[in-house]
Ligand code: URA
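Only one chain is shown below, in structure tokens, and it's the form predicted alone.
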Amino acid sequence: MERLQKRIASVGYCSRRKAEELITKGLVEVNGEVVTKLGTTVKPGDVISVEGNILDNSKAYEYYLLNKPKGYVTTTSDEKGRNTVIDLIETDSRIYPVGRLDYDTTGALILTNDGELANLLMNPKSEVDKKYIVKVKGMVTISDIQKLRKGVLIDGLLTKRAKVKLKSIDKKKETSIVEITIHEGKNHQVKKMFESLGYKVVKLRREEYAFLNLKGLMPGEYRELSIKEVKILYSLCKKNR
């Protein structure tokens, strides 16, 4: 037996949280009957329909690493008609991005239809490292590098310790390049961390997600993850919990 919202997420229809929302709205049926109770469990062979779509439990999971370019939103659809990262992946499966990168942020992004892995990767308790290269306006001081390492206050909360390295300073243009690795996933976290110290982020790129890097991938290009890489991602999440 398996909880209904977990089953919906595991076949890649949507996240578990979104599945719970759909259930409470009466948009999910099990064997032809509407289910609104979140504690409902299902068994193999049960026919599940979400928003009128019958789930295909035989669907194979897919995992992709994308080098996200600028000008794409990290959603499955956009009400403003902007391009989404889904448009860049050639697949008939209903995949979705793991976490978010801003419209003007580039770099490593995982997309999958494996709801369980997506939830693990996005859970702060999993403490999955994400490395960014940040270009800011201003001359970043060593003192501020130390503050970023120890944690700064954003949205009323102190960020956790981070790995931070000052890569270079351009005195003529008055800009700095900083490498920062965090394992949290707060909204606009990296930008807000630098803004809290008075620096405006002018360019942001995620270089690595866990052990995955963008070697060989140009902006807009992607590759499938190997079974070995997927297993390592699972083990990293469970190790840190």
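The model shown is predicted, which means the values in this text are computed figures rather than measured ones. In this text, residue numbers run from 1 along the sequence as written.
Separately, the form predicted together with the named molecule exists; it is not shown, and the next lines address it.
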Whether Thr105 contacts the named molecule in the predicted bound form should be assessed with a 4.5 Å heavy atom distance threshold; does it? yes
At the 4.5 Å heavy atom threshold, is Ser196 in contact with the named molecule in the predicted bound form? no
Should Leu101 be counted as a contact of the named molecule in the predicted bound form, where contact means heavy atoms within 4.5 Å? yes
Consider Ser49 of the chain shown here, and say whether it contacts the named molecule in the predicted bound form, taking contact as heavy atoms within 4.5 Å. no
The named molecule in the predicted bound form reached by all of Tyr132, His188 and Lys191, non-hydrogen atom within 4.5 Å: yes
Heavy atom within 4.5 Å of the named molecule in the predicted bound form, from candidates Val28, Val178, Leu214, Leu204, belongs to Leu204
